[in-house]
Every structure is written in C-alpha cells, then in structure tokens.
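This document opens with one chain alone, in structure tokens, the form predicted on its own.
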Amino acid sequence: MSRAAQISGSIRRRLIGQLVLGSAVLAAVLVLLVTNLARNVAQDTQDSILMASVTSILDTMTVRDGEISVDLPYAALSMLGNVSEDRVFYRILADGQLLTGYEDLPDPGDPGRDGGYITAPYAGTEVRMATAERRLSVAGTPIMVTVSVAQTRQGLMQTLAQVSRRGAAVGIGFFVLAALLAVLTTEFGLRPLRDLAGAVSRRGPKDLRSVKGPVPQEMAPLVISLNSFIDRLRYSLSRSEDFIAEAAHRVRTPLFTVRTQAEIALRRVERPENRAAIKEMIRALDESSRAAGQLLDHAMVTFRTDHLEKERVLLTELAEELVDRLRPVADLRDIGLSMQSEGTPEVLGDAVLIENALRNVLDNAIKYSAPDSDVDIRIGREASDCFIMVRDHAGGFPEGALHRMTERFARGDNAGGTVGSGLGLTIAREVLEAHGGRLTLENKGDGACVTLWFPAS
C-alpha cells in the first residue's frame, strides 16, 4: 500500500457496527414491547377476574325482611385462588357501613372515575383491588352497596418476571440472528468492491486491460473513472516505449557511422597517445551502440508482452537456428558452441520474444567467456516444464549478487572490462514472466549457468 494513502477506517467495520447497533436497538425495543404487552395482558386478566368476582357477589345480594342478605358464592373467590397462590381479601359496605369482610382495605376512591380498579399497599404487600356499586331498595329506601375484592400481586409479578426472562431470551436471540445477518449482508454487499479491488490489483504495466463485468450502479462512476485512468496510462506507456525505440534507432545509426570513421582514423594514427584515445572512443561507441540496441530490444519486449502472439514453438529448432547465427561471432573468439537436446520440447508462446531472451543469454555467455572455452546449451523437459540451460566457463556470477543480476542495468563486479548495458538478463526475465515461466541463475564449477523455464504446452 502506498504511503501516501491515508486510511480513514474500515467500511466493513463501519457497516457492521451500524447494523449491529441497529439490531441491538431493535432487540431492546422488542423486549420492551413484549414485556409491556405481557404486563398489560396479565393486568387485564387479573382485573377481569377480580371484576367477575365482584359482579358475582353483587348478583347474589338480596333484600329479605327489610335487611340486606349476603350469600358469598364459593365460585366468586375460588376463581381467584385457582389463578395463583395469592391471598384474596373482600369487603362489603352498605352506605359506607361494613357488612362483612376486611374493614381496613384501602379506600377505593370513586369507582366510576378510576374504572373500579386501584393498586395500593395492604398487609405488608401490594394488592390489586376491584370495586363496584349497586343500589338496593330496603323498605323503600335506596341504599348504595359497595363490594371490593382485592388480591395480592406476587403471582402476577412472578409471571411477569418469567415473561421478561423469556422476552429477554427472545431479544438476545433476535440480536444474535440480526448481528449474523448484518455480517453476512455486509460481506455480500462488499463483495463487488473486493472483486473490483482484485481485478485492479492484478493489473500493472503488463496488464492494462479495462475493467469489465457487471458492477452495482453505485460503483459505475468509479469503474468508469478507473478505466479512463488505465486508458491514459496505457497511452502514456505506449508513447514512452515508442520514444525509447525511436531514440535507440536514431542514436544507433550515427554511432555506427562514427565508429567506422574512428576505425579508419585509428589505422592512420601512429602516435601511441592518439591511438589510445581513439581506442577509448571506439570502446565508448561500442557501449553506446550496444546500450541503444538493447534499449530497442527492451522496448520491443515490453510492447509484445502486453500483446502476446502465442503459437507452438519447438525449442530445439529455435535454439539451433539462433546458434547457427551466433556461431561466426563465437568463432572469432575461438569459443565453441555445443548443443544437446533431449526429445522435442514444445511450448506455447511468442517465438520472437523467446528467441530474443535466448539470444541475450547466449550473447552474455559468449561475451564473458575466455577464448578457447566452450558454451554448452542443453534443452529438455522436467516434469511439467521445458527448459533451455546455458552454461559457460567464464568464472560465474559474483558471490552474493545473484539476486540483483536480473535488475535493470545491474552488472557484476567482474564485468568492468566488458562492453555491456546490464539489460540482457532483465529482458530474458521479463519474457519468461510474460510466458508464466521463470529465470534461474546459479554458479556451477568454473562458470555461470542460466536456465530458462517455460510451462510445457
């Protein structure tokens, strides 16, 4: 991740946090609703039974011989006892005078105003009391009869506590389920963003394709902007490659002309100091010409790796043709080129790029080898890979420098007296990476061994 990028938090954590918080609020609301509903239902049930008991008592009251007769029905109080283990109290008044029951029950107030129900402390606990009135005519005189029935609330409180516990369990279960759904919803919702990030992360200088595929409507502006940026980057890289190729081409031609004139001048100059100066100039021209040539090769490789033209390539035939072309150069330095092929290895790739990579490796082997030495080329197949192994007897790579020899313009400490640009192994590595292969460097005996690995077709 770039150091310039400033992380302001995680969208995933933010979404999950918000959804889980919403789930917690909904769970709490659910628990409160269930508890309140249960409390109201239980209270209404108790009130209905209390009022039914009061009504039953009122219905049995009669006037006999000028007196009010009260015959408490068994069912009036037994129905309250069946509901719970609570205690039951009653009181019957006639024009405010106690007829029977508990005189010290709480004052019912105005039954018409409060609906006939009150909750008040009594006998060291809390009771719920229902009260109703009825007028009776005694000897032609109207008398107001008031009946009150009270019941303790321990059973109701136990029931409400049990309902609250179950409601809390339901709320917790709802919260857990909602939190799990929140996590799953967040993961599913962020999947298009992760897919887009994965598609972008796989792109680079060698893969500048536009991002395609279905995306959510909210991400469409981001994808459009990203594809526009990729197009601009591809155009910029293309212009840079064209510039390098054109520059290398235009520099190499006049350098060749200058080198030819320098060689002619060298034959005519006799003074040692002048000859040394001209030789140094020729050497500098050779280095510049080689660097321009390899820059041109590198630009060509960079362009073609973006647009691989794959075909079946027989490695043995390709290597034989290249060795035949390089053999005159090797013969000038009395360097032998020997090739050994095991079978007919075949790969699927760009023949031009593969030849370019092998030519750079062979050119390095010939360039650094001492006269009267050999360069061995071995071609074969190992497991699911095909390989071309090039081994020389030039002393090998510097110790501890193998990891950087394929970097651009990297040269070993023992290459000071040899013309080179440090791009040969870089070109070979990039070609192999474009084909899904790899380049391995190692020292064997008195020389270096470079192996080009390709996936077999």
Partner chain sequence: MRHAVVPGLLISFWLSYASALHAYEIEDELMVGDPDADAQLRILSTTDIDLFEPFLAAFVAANPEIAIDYVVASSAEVMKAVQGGEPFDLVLSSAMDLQTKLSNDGYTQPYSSAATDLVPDWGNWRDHLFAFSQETVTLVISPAAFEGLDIPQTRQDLIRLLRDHEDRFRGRIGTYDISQSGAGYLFATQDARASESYWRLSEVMGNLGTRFFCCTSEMIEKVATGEIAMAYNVLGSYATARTDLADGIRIVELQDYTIMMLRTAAILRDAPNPQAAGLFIDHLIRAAWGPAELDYYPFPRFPAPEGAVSATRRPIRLGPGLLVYLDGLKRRAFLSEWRDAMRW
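What you see is a predicted model; the values in this text were computed from it and never measured. Residue numbers count along the first chain shown, from 1.
Just so you know, the form predicted in complex with the partner chain exists too; it's not on screen, but the next bit is about it.
With the partner omitted from this view, the residue of Q340, Q97, Q162, S78 that lies near the partner chain in the predicted complex is S78 [heavy atom within 4.5 Å].
None of A179, L72, L196, I143 but one reaches within 4.5 angstroms of the partner chain in the predicted complex through a heavy atom, and that residue is L72. Note on the interface: of 135 to 143, 381 to 389, 342 to 350, 89 to 97, the segment with non-hydrogen atoms within 4.5 angstroms of the partner chain in the predicted complex is 89 to 97. The partner chain is not drawn, but in the predicted complex it has no heavy atom within 4.5 Å of F174.
Although the partner is absent from this view, G167 stays clear of the partner chain in the predicted complex, with no non-hydrogen atom inside 4.5 angstroms. Although the partner is absent here, G116 sits far enough away that none of its heavy atoms falls within 4.5 Å of the partner chain in the predicted complex. The partner chain is not shown here, but in the predicted complex it comes within 4.5 Å of a heavy atom of E85.
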